[in-house]
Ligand SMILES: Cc1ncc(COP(=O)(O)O)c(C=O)c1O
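Just one chain is shown here, as structure tokens, and it is the form predicted alone.
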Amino acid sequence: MAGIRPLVRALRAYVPGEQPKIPGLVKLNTNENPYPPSPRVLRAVKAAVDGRLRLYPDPTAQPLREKLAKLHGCRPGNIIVGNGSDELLAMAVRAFVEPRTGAVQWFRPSYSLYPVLARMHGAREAGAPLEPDFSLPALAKLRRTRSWRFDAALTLVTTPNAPSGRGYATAELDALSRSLKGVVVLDEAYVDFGPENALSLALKRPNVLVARTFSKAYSLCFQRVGYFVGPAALVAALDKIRDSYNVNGLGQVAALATLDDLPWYRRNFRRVIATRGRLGRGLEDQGFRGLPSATNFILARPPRFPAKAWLARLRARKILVRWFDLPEVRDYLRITVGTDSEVDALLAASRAILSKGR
């Protein structure tokens, strides 16, 4: 069609998880927190629905940046807030990678948005596969891997990894970051469900940014608020290409109220982690082979039938999980940790499928 760039015509867009409106559906496919925001956050958002809606929000989310800086022990100049961390990932590609000549790289499998962002920008793609257990390859192995570039302009590392759920040690991520010449984004969307984080690297290494989001752990997917923490020079570069008023006002209100109620959320994290353990044990008892998870989901290889068949059989019982048609994970299902009752429904459905053979 006239007017559309060839790059855009050839682009395969990012495919989000389904958001079907089916009554009675147990939705375990998009890693949303199964519990709502805290009552304090809900009250704050409702109270903000007033005459302010006609006004522009704070253009740089300054009060939120100040509160985040206090939380993380840094300055507001070390933080940039975005319309979800996805916007900031796209900005990082635009800010740090030259089209056509610069390279963006990631480990496979990782967040499926990464290749879309690289191709949208016309960047070169590089990277390396994770180990069969989804751990990071050793640096010595990466040096022998021709597709991995230590001079890549931008390296994106999902930690803990999605879709596997595997967590990575901070020391391991530090060694990797030190070996790379370009900017490194440690994408910590699920970090609140794991045993450690790498935020210290963003305040220590001149090439490291850490991505965080209010979506997964803090139940604000609907509001779309994420942020980067990192060196002031990198943050300032990103700010130059930030869209004006990029973070909506109600999202800023919700995020600020969330930071005022962190003990409530930390109890919630412990609740999700406990249910994750129960889900993992229940699946293993039925013959699933789950991977250790530091996230709010489990990647598991189902018994008896192919994973794609399991997807359809569970859906027929109104249980929705996620299956990826990628070679590294085609034999697995990704299952979000839901409420205890939702986990019970999933385990009952899988038990029935195995007993009936369909």
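So that there is no doubt, residue numbering starts at 1 and follows the sequence shown. Only a predicted model underlies this, so the values are computations on that prediction, with no experimental measurement involved.
Form predicted in complex with this ligand: not shown, discussed below.
Of the candidates 258, 215, 155, 164, 215 is the one whose heavy atoms come within 4.5 Å of this ligand in the model of the complex; the others do not. Proximity to this ligand in the model of the complex, defined as a heavy atom within 4.5 Å, singles out one entry of 269, 148, 168, 111, which is 111. Of the candidate stretches 136-144, 168-176, 82-90, 243-251, only 82-90 contains residues with a heavy atom within 4.5 Å of this ligand in the model of the complex. This ligand is not shown here, but in the model of the complex it comes within 4.5 Å of a heavy atom of residue 224. Taking the partner from the other structure, this ligand in the model of the complex has a heavy atom within 4.5 Å of a heavy atom of residue 189.
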